[in-house]
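Below, in structure tokens: the form predicted alone, a single chain.
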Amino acid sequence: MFNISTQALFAQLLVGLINGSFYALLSLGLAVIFGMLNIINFAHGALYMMGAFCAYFLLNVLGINYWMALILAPLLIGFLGVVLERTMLQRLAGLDHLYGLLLTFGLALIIQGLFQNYFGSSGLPYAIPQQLTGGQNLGFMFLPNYRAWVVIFSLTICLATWFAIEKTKLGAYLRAATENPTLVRAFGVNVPRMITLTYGFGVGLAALAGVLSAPINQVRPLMGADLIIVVFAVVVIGGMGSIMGSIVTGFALGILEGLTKYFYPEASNTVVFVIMAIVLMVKPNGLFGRA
């Protein structure tokens, strides 16, 4: 029979898997945007927060349930990303990465400030869908259905994105457009439109993570600010622009963070950054990055 401490260990592992799911989805969106567009998107956390708020408004204003919000919120926030890319980020094409980082950082502060001004800092509740309430007694731990769903769904989306980018013709065009856009245009591909839609897709992944997070972490204006620094560390460790690196590193660091909370709680908030420092000293391009 498992004792209380073992149950606590599995509980922390579950928390780590949940956090890893959000790390993986968010860092995947960052990796897609950086790998395809060479933009360091610091507004990613604010757009993640907007995805959660979008789901909240869809439910409480329009009566649209969680399942439809999983589709509509990424589409709506992704469209906002398209508008941002067309009106602002496109003007920075060919400039140093620092300009894009400063612009998106400013956008993040504006978005978070507006939401905090209207909604305050406290969290707004978002109910778990009825189909996913309750949980399963596994003997050694109680597994909530919704948390199991988040892990499985996030992993499925991550692997589907990796397959689309690495193994399909569309993905080949996307990768080629970053290396030689003139050649891709010769094949009749509208490269600027492809770049815009890619940014919208990366933003949509952040919004999707926000919808998944809403029933667990509540809907708060600063929920993205609390997460984005860790997510950037995940991207750096996995390798900037590496799709598989973001997925593997996101889940792995979430689990490691959960284990640290169990064995040495004092280090749980810094373990990711310690690992980042070590990786940067040993392999500056990241574990899965290319030179």
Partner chain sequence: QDKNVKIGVLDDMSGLYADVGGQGSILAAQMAIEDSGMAAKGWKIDLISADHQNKPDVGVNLARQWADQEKVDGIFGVLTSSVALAVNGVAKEKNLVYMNSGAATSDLTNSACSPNTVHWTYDTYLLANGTGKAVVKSGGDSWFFLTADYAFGHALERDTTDVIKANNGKVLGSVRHPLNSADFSSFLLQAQASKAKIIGLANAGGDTTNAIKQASEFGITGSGQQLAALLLFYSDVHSLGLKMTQGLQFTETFYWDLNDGTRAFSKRFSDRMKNKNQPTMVQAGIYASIIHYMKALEANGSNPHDGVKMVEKMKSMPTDDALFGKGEIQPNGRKIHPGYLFEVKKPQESKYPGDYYKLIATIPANEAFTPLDKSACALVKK
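Residue numbers count along the first chain shown, from 1. Between two forms, the rigid core is the largest collection of C-alphas that superpose within 1.5 Å. Quick caveat: nothing in here was measured; it's all calculated off a predicted structure.
One more form of this protein, predicted together with its partner chain, exists but is not displayed; see below.
- Picking from 70-78, 196-204, 120-128, 154-162 the stretch near its partner chain in the predicted complex, with a 4.5 Å limit on heavy atoms, gives 120-128.
- Using a 4.5 Å cutoff between non-hydrogen atoms, L17 does not count as a contact of its partner chain in the predicted complex.
- Under a 4.5 angstroms non-hydrogen atom cutoff, its partner chain in the predicted complex has A214 among its neighbouring residues.
- Residue contact with its partner chain in the predicted complex: G63 places no heavy atom within 4.5 Å of it.
- Among heavy atoms of G258, some come within 4.5 Å of its partner chain in the predicted complex.
- In sequence order, M141, F142, P144, Y146, R147 are the residues of 141-173 having a heavy atom within 4.5 Å of its partner chain in the predicted complex; the partner itself is omitted from this view.
- In the core-superposed comparison between the shown form and the other one, A11 has its Cα shifted by at least 2 Å.
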